[in-house]
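Next come structure tokens for two forms of one protein chain, structure 1 first, structure 2 second.
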Structure 1
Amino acid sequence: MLSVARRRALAPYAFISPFYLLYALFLIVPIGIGGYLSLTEWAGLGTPLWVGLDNYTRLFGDASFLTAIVNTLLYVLFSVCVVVPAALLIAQALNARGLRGRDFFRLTFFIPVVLSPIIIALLFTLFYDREYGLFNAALRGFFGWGGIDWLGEPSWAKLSVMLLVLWRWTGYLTIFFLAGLKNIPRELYEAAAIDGAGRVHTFFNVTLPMLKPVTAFVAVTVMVGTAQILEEPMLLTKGGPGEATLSVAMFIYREAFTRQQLGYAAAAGVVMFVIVFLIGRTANAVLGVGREK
């Protein structure tokens, strides 16, 4: 029988052990296997063939992979430059004094997060349809012309993916900004008002600095999240036309499960891991996440 003090000292280890067990089995081991596979050539049957760094040299000469990286960076850029400001704008609107129905609005904007991405993507596929889609129908209604090939023309296809990202994630980010805005002491605004600061001035000198921790959190979340983008391009365009909307995650999926190049896909995974890690680190350093501790 263990003493009470001893049990108390061991309890936290017991409490965290289920997590670390699962963590080791389903995260560390796969990462190790992935690292090993990335140095082999393997179609899923038989023994993996050791090829050293071949997969990596091949990756950096692979035009598809480079396209996937560029596309993914474009999606990340779009998220940071459009989705985040849109979410901040909406949060600012929701935080307006005396606003009625705040909870209703907040709830409505969050709905896309609740729904399955497959449902959302299929719906948008229908909206984007060149002949029958709602988007072209609306354009025809308003401007008398609506012949945009939303999913068939490379630039429009990229934009279509981005619009879906905007629709799907803005409401989610909004709730973080709104929570951050609510935490800003009213007195700061009152002081600014007494000093004669205008709305724009107040926004840049009171709101933004006070929101910095939340903004940093949102920006990092968005960058790391969008760097992994898969469902939107996969379901809307299958990465097409050509490879116009292909993302890195889609590339990995394609190499592994449609082309059976598991070693090659694993190497792409390792590269992606490094990229996401660097993006996260850079964003953390620039925005100072966790620095206050």
Structure 2
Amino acid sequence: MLSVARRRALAPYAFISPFYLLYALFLIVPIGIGGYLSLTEWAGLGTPLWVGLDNYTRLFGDASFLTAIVNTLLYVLFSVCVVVPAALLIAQALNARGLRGRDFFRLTFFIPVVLSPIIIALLFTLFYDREYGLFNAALRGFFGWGGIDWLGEPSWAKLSVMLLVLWRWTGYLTIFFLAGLKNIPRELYEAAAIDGAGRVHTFFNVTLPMLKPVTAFVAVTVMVGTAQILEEPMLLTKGGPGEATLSVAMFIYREAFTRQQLGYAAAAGVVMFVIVFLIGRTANAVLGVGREK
């Protein structure tokens, strides 16, 4: 029988224990099982056959996996260099004084996030159609040329996936930047105006430094999220043409559920986990997420 003092001391642990139990059940245990499966050959039925590091040796000699890593890094680079700045600029525009219909524009930019991926894929498949698509029609209308095979030519297919990522996630990231802009003291802008600073000077010397914590958080989130990109290339191009738009997450899905190589897919999953972890930790260290200064 525990004493009253002992029960009081244990009470906080009892309250927080459900989280840690669920955390272990749904995260630590699956990671452990994935790590074990990565060292086996298993088709989903029967007893996994222990193969040691064979899956990893095979993985780093697999041209498809290396292609998936390069494609994923391209998606990450595009998201950080294009999507994040685009979101910041849109947030800056939406935060402008005297803007009418601000709520309407916010809703418009946020709609892509809540749309079903199936609907998005259907819409963009129509937009990218070589003969009747909106993009080729616009190019013909403005420049007199078109006929781009957006989803059939490897380079254009990569760009198509990136444009879809830009359209889908820019509005979502804009919300974070808008929240950050609202917290910048108005006095700083007034002081900059008194000093004769223009809009560009004020943006680079007031807005950007004050948004550094938000920018760092958004950049890290985007890096980690894009490193696991799956829906956009899968629904739009199915990784094609060939493997031109194949991502690491798609590679894992294909090996696990199409080719029934669960051990091999688990090894790829472990490698992706390590890559995402390193990207996240490096970005945290470089951008200083969570630091006061």
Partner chain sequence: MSALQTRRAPAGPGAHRTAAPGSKSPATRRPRLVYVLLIALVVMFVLPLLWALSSSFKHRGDIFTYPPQPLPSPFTLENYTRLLDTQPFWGWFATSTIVAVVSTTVSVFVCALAGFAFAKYRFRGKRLLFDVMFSSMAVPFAVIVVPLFVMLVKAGVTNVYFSLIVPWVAPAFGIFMMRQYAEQAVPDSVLEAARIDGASEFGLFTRVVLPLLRPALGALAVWSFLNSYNSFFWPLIVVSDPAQYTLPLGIQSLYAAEGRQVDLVLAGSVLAAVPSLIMFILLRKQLLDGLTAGAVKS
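For residue numbers, the reference is structure 1: its sequence is counted from 1. C-alpha atoms forming the largest set that superposes within 1.5 Å between two forms make up the rigid core. Treat the numbers as computed from the prediction; the structure is a model and nothing was measured.
| Of structures 1 and 2, which is the form predicted in complex with its partner chain? | Looking at both, the form predicted in complex with its partner chain is number 1.
| field | C-alpha of residue 17 off by 2 Å or more between structure 1 and structure 2 on rigid core | value | Yes, shifts by 2 Å or more.
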